[in-house]
Ligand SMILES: Nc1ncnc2c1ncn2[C@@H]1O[C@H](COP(=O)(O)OP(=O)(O)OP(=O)(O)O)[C@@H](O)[C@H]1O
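One chain comes next, on its own, written out as C-alpha cells in the form predicted alone.
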Amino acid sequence: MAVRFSNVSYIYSRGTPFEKKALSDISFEAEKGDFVCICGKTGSGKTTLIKLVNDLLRPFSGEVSLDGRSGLLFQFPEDQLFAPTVIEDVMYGPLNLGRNKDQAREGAEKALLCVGLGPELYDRNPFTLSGGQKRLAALAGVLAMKPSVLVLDEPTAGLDFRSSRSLMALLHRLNTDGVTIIMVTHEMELAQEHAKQILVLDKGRLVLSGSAGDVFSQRNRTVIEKAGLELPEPGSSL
C-alpha cells in the first residue's frame, strides 16, 4: 500500500471565528504504481488532501499512512524554485537528504535529463526559463529525491496542448516504472485518459471514487454536476 487515508478530517483556524472544516472523514487507498486523479471545484479540499499526503499538514482526526518518500510539485513553479541556477535548484533536495555534492550533481543531471532539460540550461537562472521549462525544472527537483509517491497540483494548468501532452507522457513513463502518481486536476478528459482511480471531492467530502468508467458513468451525472464538474465527452482525451 503506497498511501492510505483512514477517516481523515482537517479543520483550518480551529477554535477561531474563521474555523473551516476542509475535509470530513476521508478514506481511500492507493496501491503502489497507482495513478490517482483528485477532482473537484475550487474549495472542495483537493489541495488540503495532497498537503496531508506530503506531511505539510497533520490531520485533526484519522490517520494518513505513506509507504516511502513522497514529493510534491506545486501548481505554480515560482513557489518552488529559488536557487540562482537550475542545477543548484535541482541539487538542493538531494543535498538535504545527505548526499555529497558529486552524488547530488549526478542525481540532478539524471532528473533534468528525465524531464528533457539539457546541459545548456544548467547554469541559467530558473526564473528566466519559459513557463513550461520552469515547471519541468521544479519537477526535476522533486524527482532528484527519488520519491516513491509523486504528488502534483494541477500540473498542466497554463500549458499549451503540446506541453500538456509531453508532461503527461512523462508522468505515464514514471508511473510505468513504478512511481505512484497522485494528481489534482480539473480536466476531466485528462483524468479519464490516465487515472486508474479517480476521487471526486465536494465540500470536503469524498462523494465518488473508483475507475474512470465507474465514476464517469451516466448514473453518477447528478453527483458529478453537484460537485461542480462535468462528465467528459465519451471517448475524449487531452
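One rule holds for the numbers: they count along the sequence shown, beginning at 1. These numbers were taken from a predicted model, which means no experiment stands behind them.
What follows is about the form predicted together with the ligand, which we do not show.
In the model of the complex, the ligand lies farther than 4.5 Å from every heavy atom of residue 85. In the model of the complex, at least one heavy atom of residue 13 sits within 4.5 Å of the ligand. Contact between residue 44 and the ligand in the model of the complex is found at the 4.5 Å heavy atom cutoff.
Although the partner is absent here, residue 186 sits close enough that one of its heavy atoms falls within 4.5 Å of the ligand in the model of the complex.
Checking 59 to 67, 170 to 178, 44 to 52, 26 to 34 against the ligand in the model of the complex, the stretch whose residues place heavy atoms within 4.5 Å of it is 44 to 52. Screening 75, 148, 166, 125 for any heavy atom within 4.5 Å of the ligand in the model of the complex leaves a single hit, 75.
In the model of the complex, just one residue of 130 to 154 lies within 4.5 Å of the ligand by at least one heavy atom: 154.
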